[in-house]
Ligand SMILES: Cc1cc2nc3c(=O)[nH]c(=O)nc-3n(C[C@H](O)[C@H](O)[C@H](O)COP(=O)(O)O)c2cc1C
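There is one chain below, alone, in structure tokens, taken in the form predicted on its own.
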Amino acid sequence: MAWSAMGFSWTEYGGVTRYPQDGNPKPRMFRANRHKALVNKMGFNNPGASEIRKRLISRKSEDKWPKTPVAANIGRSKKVPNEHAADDYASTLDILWDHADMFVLNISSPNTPGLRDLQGQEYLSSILISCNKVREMKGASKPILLKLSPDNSDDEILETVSLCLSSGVDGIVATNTTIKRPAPLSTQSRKAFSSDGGLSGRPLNSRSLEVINLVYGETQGKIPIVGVGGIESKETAWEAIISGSSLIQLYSALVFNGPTVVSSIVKGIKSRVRESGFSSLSEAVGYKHI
């Protein structure tokens, strides 16, 4: 409930895996202050889908559930081989079905060994088929989104988007964290960038925008895009929107800019809509492509 009070219009929890797991050994989060970047190698540390469902049921019963939409981020359990990933994702989706308004399939985190291999057409197709079967069984049309890696080539991203369009995926999240690193500007950033894991924050923004533009150009607005990666101001938020994002998401900016960054972005977007002569925010989505 605190998230909506801060100005967020939706919330995402996760990543959740079918089985409980401790995540990677600590320390597993590193700051690069001069870059306004974080490096994390969390590894989907969570108590497992069944335990999380119990906690969510408890929150609802205590009237602590947000009034705004809630997304669940689903990852592959570390102990499950890729050959059985489709069943793993589908099981978690089934367990959490009544406790989220939409679901994000995370096949692009760099912190679970082999996870990014699931972006291959054969693995991904089987995952989407299994998750669609769960949705059909439930008889409800909750959206399923796919989270992309910024480290894939443009051609690989377009292949994935094409499969998504033909497989009934309802949206794209662009993007996950990156394994690429900028040149360090301090001893702190050198230490952070030498660690394994995914980088988020300001250095990711340019590639995130490239992917948003690429996906929107390919889909022509047929499915929504969630823009994420280095969004830290009204300017970066607006650029993601006119590039094609219907929704935006931030994480690192909360660390470096504090919670007031949310209301600042919301107010800034409202001003840009008026200044640009749009009657609504939806008119601005993908405006760069007109």
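Keep in mind the model is a prediction, meaning the values are calculated, not measured. Start at 1 with the first residue shown and count on from there.
The form predicted together with the ligand is left out here; the points below concern that form.
Exercise. Would Ser149 show up as a contact with the ligand in the predicted complex if we use heavy atoms at 4.5 Å?
Worked result: Flag for Ser149 set to no.
Problem set entry | the ligand contact at Asn73 in the predicted complex, heavy atom, 4.5 Å | Asn73: yes, in contact with the ligand in the predicted complex.
Exercise. Looking in the predicted complex, any heavy atom of Ile57 within 4.5 Å of the ligand?
Worked result: No - in the predicted complex, heavy atoms of Ile57 and the ligand never come within 4.5 Å of each other.
Exercise. Is the gap between Ala237 and the ligand in the predicted complex 4.5 Å or less for some heavy atom pair?
Worked result: No, no contact at 4.5 Å.
Problem set entry | Region of this chain that lies against the ligand in the predicted complex, out of 200-208, 86-94, 180-188, 134-142 [heavy atom, 4.5 Å] | This holds for exactly one stretch, 200-208.
For this session: Identify, from the list Ile241, Ile265, Ala49, Leu38, the residue with a heavy atom within 4.5 Å of the ligand in the predicted complex.
Result: Selected residue: Leu38.
Exercise. With the partner left out here, if you bring back the ligand in the predicted complex, are Trp3, Leu247 and Ile269 all within 4.5 Å of it by some heavy atom?
Worked result: No, the candidate spot makes no contact with the ligand.
Exercise. Even though the chain is shown alone, can you say which residues of 10-45 have a heavy atom within 4.5 Å of the ligand in the predicted complex?
Worked result: Residues within 4.5 Å: Gly14, Gly15, Met29, Leu38, Asn40, Met42, Phe44.
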